Each structure stands twice: as structure tokens, then as C-alpha cells.
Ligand code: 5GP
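Below you'll find only one chain, the form predicted on its own, shown as C-alpha cells.
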């Protein structure tokens, strides 16, 4: 059975897409811990990020870097924090989170409340900076 991320990539579940290429897909997290919280996933369904072969992992990080640069231009923040947790969905993924301080990337805190309209605008702002 396809993961929720594969279903998003295949267009079966709507998302606020940021970027994609032939191997990777980036979209906003619908339960973000910060405005602009983005997920980067390989299109190939592989459970654990460290099961990706080295070349694919390297290309995924390069793709994530481009997304992070766009986030940083679009969203006022000090940095884009990166984390890999990988327990909630059995599909390798990276969280890119705009942060002002280290505690901004704490996943145990309450998620922020955002509307679909706010997500759409945030996605558009990031996409407009993606180069």
C-alpha cells in the first residue's frame, strides 16, 4: 500500500507543493511547527532515509538546499533548521523549518494553526523564490 507521501506525489491527496524534479518532491507540512515548515521526500518509496544509496541521498540534500534557500528568502528567519525523524510516515523525508532559535524546531510543542489560504500563500511565496 502506498504511503501518504506517495499518494501526495501522485496527486491523490492535495498538497501545497513547493518544488519537484524527477526524483524529489517538496511540499508544506499541513500540521506545521512553524510557518513555512516543508517536507522534502524522494519520489521513490524508501522507508528510512539512511537506506537511500549515497548518490540519491546526496542529490536529495542538494534539492533540499535549494528549497531551504527559497524558504529563507521568503520567510523572515535566522536559519532553516533541518531534521530527520522518520517515525511518523514510512517514507524517507526531511523537515525544513524556518527558525529564530533552537527551540523553534521542537516537535513536542503544539502545532501552529494555519488556514488553507495561509498555506497557499506561504507556498506561493516560497515557490516565487525557488531558483
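The model shown is predicted, which means the values in this text are computed figures rather than measured ones. Residue numbers count along the first chain shown, from 1.
The discussion below concerns the form predicted in complex with this ligand, not included here.
Problem - Selected contact from 39, 80, 74, 67, since only one has a non-hydrogen atom within 4.5 angstroms of this ligand in the model of the complex - result: Among 39, 80, 74, 67, a heavy atom within 4.5 Å of this ligand in the model of the complex occurs only for 39.
Exercise for the section: Scan 102, 51, 55, 88 and let me know which has any heavy atom within 4.5 Å of this ligand in the model of the complex. Expected result: Of the listed residues, the single hit is 88.
Problem - Touches this ligand in the model of the complex: residue 97 (any heavy atom, 4.5 Å) - result: Residue-level check for residue 97: no, no contact with this ligand.
Practice task
With heavy atoms only and a cut-off of 4.5 Å, decide whether residue 4 touches this ligand in the model of the complex.
Solution key: Residue 4 belongs to the contact set for this ligand.
Practice task
Although this ligand is absent from this view, report whether residue 46 comes within 4.5 Å of it in the model of the complex, heavy atoms only.
Solution key: Residue 46: no contact with this ligand in the model of the complex.
Handout entry: Any non-hydrogen atom of residue 28 within 4.5 angstroms of this ligand in the model of the complex
Key = Output for residue 28 is yes: heavy atoms within 4.5 Å of this ligand.
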